[in-house]
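Only one chain comes next, encoded as structure tokens, the form predicted on its own.
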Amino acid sequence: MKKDLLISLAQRHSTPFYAYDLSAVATRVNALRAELPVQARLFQSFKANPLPALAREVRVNGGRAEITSEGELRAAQEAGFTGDELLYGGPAKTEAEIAAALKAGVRWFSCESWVDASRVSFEALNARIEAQVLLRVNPAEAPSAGLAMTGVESQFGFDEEMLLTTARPDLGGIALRGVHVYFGSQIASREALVENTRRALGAAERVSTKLGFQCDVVNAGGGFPWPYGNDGTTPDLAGMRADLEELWQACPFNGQAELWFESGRHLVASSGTLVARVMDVKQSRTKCYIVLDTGIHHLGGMSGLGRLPRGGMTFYNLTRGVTGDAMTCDVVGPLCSPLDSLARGILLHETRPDDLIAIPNVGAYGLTASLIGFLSHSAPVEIAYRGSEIVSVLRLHTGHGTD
């Protein structure tokens, strides 16, 4: 965290703002690629953060893009990705989205059901294009993950047992090319990541054999962990490449298929810092409240994803550092709701109105994963920098207007 730069940015821009260190993105991309098999492809999951400056850094360091909406498609194009470098996934793709993706040169789609695949088929036939389809599979085995997406009842993907017991429909305009498995987020350890890859390869072999198509791609998903909103322990993935290479060498697809991985959080989380200003410090009976000009509309608002991180966040006082006695307090935001709380019952050293507060590791699932429409506050400025150079300054626009 570059304290002097962040203070300088606060003097030039209104708080709150997100600051992203592009050098950190490059470091994380290259470090993760070094722990994957040599020929593996790495995709950035745009859902973690679609900011074009970050995505461009992923691209120039050898990554591709996994997208799920027209907005993410536009961001990927702005970052310089071409259609053949994109995988379009997600549930409930509309005909208009699929048509727009095909027009933009996207050829790879991850399909979550035969209904989903039929929409891709219909639009591909209309465009006289053959779309390349991965079947997203929900294996029966549950992973070790902070947020499991397989091995449980899920709106995502085909249940593997269904694919193994029902007939494949005849759909034109698409070619079944592979299997996509996403076990979940925040996978607990290197060993669990390797085990999940083994399970993905097994599911791909069973499904492609049963349905009778050549498996040219196995997307083994991701779930590579990173701290969220705090300075917690960063993961040690050392040695993962050797374990994955051993799996891949023993796989019948080796030499025939490509092995893909995807990551959002692990690639971009460390780049991001949210800087806010203390608006008030107030006592209410037995509690002390530190009121910031940021809250769940800018960070941590996706409680449905288990990301209301009360008590788990780190707050750095950029103005006065660690001074004075520690006090127990709740850190809250400016919204007219008691739910607008970033932390409860935590110890912070002396904090006064107008102090600048920094929250680390928020480059993933930060602004675009928050309740940015609630109370119609302006979105924070997002500033991407490399060293002391400001590369881009953008603001996400919200609010109502004419269509």
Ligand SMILES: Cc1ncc(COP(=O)(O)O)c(C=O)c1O
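Note that residue numbering follows the sequence shown and begins at 1. These numbers come from a predicted model, not from an experiment.
The discussion below concerns the form predicted in complex with the named molecule, not included here.
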{"query": "Selected contact from 263, 138, 271, 196, since only one has a non-hydrogen atom within 4.5 angstroms of the named molecule in the predicted bound form", "finding": "263"}
{"query": "Selected contact from 377, 59, 47, 41, since only one has a non-hydrogen atom within 4.5 angstroms of the named molecule in the predicted bound form", "finding": "47"}
{"query": "Heavy atom of residue 182 within 4.5 Å of the named molecule in the predicted bound form", "finding": "yes"}
{"query": "Among 182-190, 73-81, 276-284, 207-215, the region lying within 4.5 Å of the named molecule in the predicted bound form by heavy atom distance", "finding": "182-190"}
{"query": "Members of 350-383 lying within 4.5 angstroms of the named molecule, judged by heavy atom, in the predicted bound form", "finding": "365"}
